[in-house]
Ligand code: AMP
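What follows is one chain in C-alpha cells, specifically the form predicted alone.
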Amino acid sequence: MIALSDAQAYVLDRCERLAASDARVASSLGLVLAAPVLSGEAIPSFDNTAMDGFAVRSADTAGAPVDLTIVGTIPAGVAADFAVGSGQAARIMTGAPIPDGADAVVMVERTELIDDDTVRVEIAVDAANHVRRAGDDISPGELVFAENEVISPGHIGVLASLGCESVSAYRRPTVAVMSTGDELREGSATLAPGQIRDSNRPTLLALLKRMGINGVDLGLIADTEEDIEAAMHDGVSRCDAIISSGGVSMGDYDYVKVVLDRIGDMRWMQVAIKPAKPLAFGTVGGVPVFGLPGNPVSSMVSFELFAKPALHKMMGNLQSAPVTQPARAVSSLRRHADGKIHFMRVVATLGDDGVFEVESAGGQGSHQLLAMARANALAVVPDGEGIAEGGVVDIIMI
C-alpha cells in the first residue's frame, strides 16, 4: 500500500492547468482568474448620498436647530440642475448625486418639515456627513482582483459595476464518465440474480455538475476490449479527462485494465485508506484518466480525494487539496487498527460554540450508499481505535 499523500501528489503532478480564455462575466462563477483585473474608472463615479435626507451646506447647520429653504428634490439617477446656496437645502434620495454647493447630508430622521418650502434641521453636521465620495470604493487604475482568485458572486457584482463583460480565466474542463461491467443495468427493469443497477455514473455526473463542470455521459459500456477501447478513444478525442468506475481492485478480472495498460500510461495503486483503497490513474494521449473503485461509496470518496482536487487544479485553483477543519465527535467513531486512514461518513452541525459537531451518518460499508447520501462530511479517522465521544477529529465537508 502507498500513503494517501503520495497517491494525491502523484495524481496532482500529472494534471496541468487548462488554457486560459475570455469568459463572459455572467457565466464565470467558480472560474479562476488568469490575469489581474484593473479598474478603468472610479466606483462610485460621483459624490452621492448614503441616506435619504437633505443636502446642505454644513456651515449652515451650526447652532442647530436651524430653518433652511428647500430649493428642489434630487432622486437617484438624476443630477440636479440647480445649486444649494447659503441658507438652502435640497431633498435627496439615497444614491443621488450631491448637488453643487452642498457638502453634507442630514438624514431625514433628524429633520422636520415646517411647510412645503422650509425644513428644520435639528442637528449640526460636519462636511462630508453621509456623503460617499467618488472613488471611495474603487479608484481608477486600482488592482481590483489578482490573478488566481476564484470568481465568487461578489466578484461578479464588482465586475458588473465596472462594466466588465468578460475576463481572462482558466476554462472549465469537460469530463467524460463511463461505467463498465456485465452485471450493471439501467432503469427500472427487474434485475436478474447477480445484476445491480448502475448508480456510480449518475452520481459522478452529479458531482461534476456541482463543481460547475460539464460532464459527458459515455454510457454503460459493454465488457469487451473493443467497446472499452472505443469508449476511451471517444472520451480522449473530445474531453479533458475521463472518469471510469470499477475494475481497479487487485482481484478484478476486467478488460478495463487490459485496455488501459495497452493504450495508456497507467499506475494501479493500493492506497492506505478505507474505503476507496484501489485507484487507477494515468493518461491516455495526454488526457488524465481516473479509474475509481466500483463500490458506490468508494467511488464517491475516491472522487473527493483524487478526482476533485485534480479537476480543481486543471481549472487553475492553487488550493486544490481537500480542506480539513476540526470537529467534535458527539458520539464515538470507533474502528480497528489496520494501517489505513478511515474516511467515515458523518453528519456535521455547527455547535453553539462555533465548532462543528459530528456523528455517524449510518452504515460505514463501502456498499452502503444511503449513509453517504445522508452525510455532509467525511471524518478523517487516523489508524488506531478511533475517536472517543467528545474527541476532536478533522473533517472534510462534502
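None of the values given here were measured: they were computed from a predicted structure. One-based numbering along the sequence shown. Under this definition, the rigid core comprises the largest set of C-alpha atoms superposing within 1.5 Å between the forms.
Another form exists, predicted in complex with the ligand; not displayed. Remarks below refer to it.
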>> I need to confirm a contact call. Of Arg262, Arg210, Arg197, Arg238, which residue comes within 4.5 Å of the ligand in the predicted bound form, counting heavy atoms only?
In response: Arg197
> Which one of Leu159, Val287, Val131, Leu184 is close to the ligand in the predicted bound form, taking close to mean a heavy atom within 4.5 Å?
Replying inline: Leu184
> Would Gly246 show up as a contact with the ligand in the predicted bound form if we use heavy atoms at 4.5 Å?
Replying inline: yes
> Can you check whether Gln88 is within 4.5 Å of the ligand in the predicted bound form, heavy atom basis?
Replying inline: no
>> Considering non-hydrogen atoms and a 4.5 Å limit, does the ligand approach Pro296 in the predicted bound form?
In response: yes
>> I'd like to know whether Asp254 contacts the ligand in the predicted bound form, with contact meaning heavy atoms within 4.5 angstroms.
In response: yes
> Any idea which of 113 to 121, 95 to 103, 150 to 158, 287 to 295 reaches within 4.5 Å of the ligand in the predicted bound form, heavy atoms considered?
Replying inline: 287 to 295
> Along 6 to 36, which positions have a non-hydrogen atom within 4.5 Å of the ligand in the predicted bound form?
Replying inline: none
>> Following rigid core alignment, is the displacement of the Gln319 C-alpha between this form and the one not shown equal to or greater than 2 angstroms?
In response: no
>> On a rigid core superposition, would Ser139 pass a 2 Å threshold for CA movement between this form and the one not shown?
In response: no
>> Checking Gln195 here: with the core superposed, does its CA move 2 Å or more between this form and the one not shown?
In response: yes
